[in-house]
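The chain that follows stands alone, in the form predicted alone, written as structure tokens.
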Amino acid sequence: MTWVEGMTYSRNQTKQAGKLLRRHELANDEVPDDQRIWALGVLNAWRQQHGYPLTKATMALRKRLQTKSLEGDAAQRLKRRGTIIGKLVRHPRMQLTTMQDVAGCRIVLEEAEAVHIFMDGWRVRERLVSVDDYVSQPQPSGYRALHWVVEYDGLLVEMQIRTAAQHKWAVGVEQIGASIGCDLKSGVGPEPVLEWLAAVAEVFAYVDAGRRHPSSLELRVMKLRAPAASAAREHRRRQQEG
């Protein structure tokens, strides 16, 4: 992973680049090619600048695992260029410099009890910017996890703490979304698919709670599956036809 030392571009230039890329996506004839190429270069530099802070954040997660004598899988990633631009389009008021998950790392623990042990009494040395508990308050898509946004070296890194069940759901959603060209985790896609995935997420929540899910929920998942598959096929067909 490349680390660009120092700020290659100012924050004002980075903000401007984000605005240009958003405009290009919304009306690509409004942004001259030379400006778009410049903006993409700024975006690439902005991503690379997050590399070293991201590594530090991931090391903090791994150290916490050792401290608590827990088993877990740690991973890190820089958000893809196209995904960043797509998020800027979906959130018109968001600035590239304030996007909290350009850099992200996660820890996956086997069960909810391990998450409680992992989080109990944890304090990060760096500035904690925000905490989002998507377990107690799931996103409309059904997404569940704990999110911490921490500032490392003046840059934001998002930490995700998930159970194995939550991770399995999230990976499955990403795979389905990639196959039909939708950001399903963000609630973008055919409604029958989103409704089915939200119901499946409820089943996984019961697994994490160590409780058996009600038969009515199981029937709902089964009932929604066929319409979801049909809607996904239709959406994929339309995407291919252009």
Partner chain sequence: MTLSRLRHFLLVFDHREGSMLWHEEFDSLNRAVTRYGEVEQQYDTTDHVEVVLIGSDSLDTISRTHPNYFGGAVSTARNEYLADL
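Bear in mind the structure is a predicted one, so any value in this text is a computation, not a measurement. Residue numbers count along the first chain shown, from 1.
A second form of this protein, the form predicted together with the partner chain, is not displayed here; the remarks below concern that form.
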ask   = Taking the partner as it appears in the predicted complex, which of 124 to 132, 88 to 96, 148 to 156, 72 to 80 has residues with heavy atoms within 4.5 Å of the partner chain?
value = 72 to 80
task = Would you mind picking the one in A205, V42, V193, C182 that has a heavy atom within 4.5 Å of the partner chain in the predicted complex?
result = V193
query = Candidate spot L21, L26 and V188, all three in 4.5 Å heavy atom range of the partner chain in the predicted complex?
reply = no
ask   = Though only this chain appears here, would G172 touch the partner chain in the predicted complex if you measure heavy atom gaps against 4.5 Å?
value = yes
task = Decide whether R225 counts as a contact residue for the partner chain in the predicted complex under a heavy atom distance cut-off of 4.5 Å.
result = yes
ask   = Does V200 reach the partner chain in the predicted complex if we count a contact as any heavy atom within 4.5 Å?
value = yes
key: Contact test in the predicted complex: R144 vs the partner chain, heavy atoms, 4.5 Å   = no
ask   = Hey, which residues along 39 to 66 are within 4.5 angstroms of the partner chain in the predicted complex, non-hydrogen atoms only?
value = L40, N44, R47, Q48, G51, Y52, T55, T58, M59, R62, K63, Q66
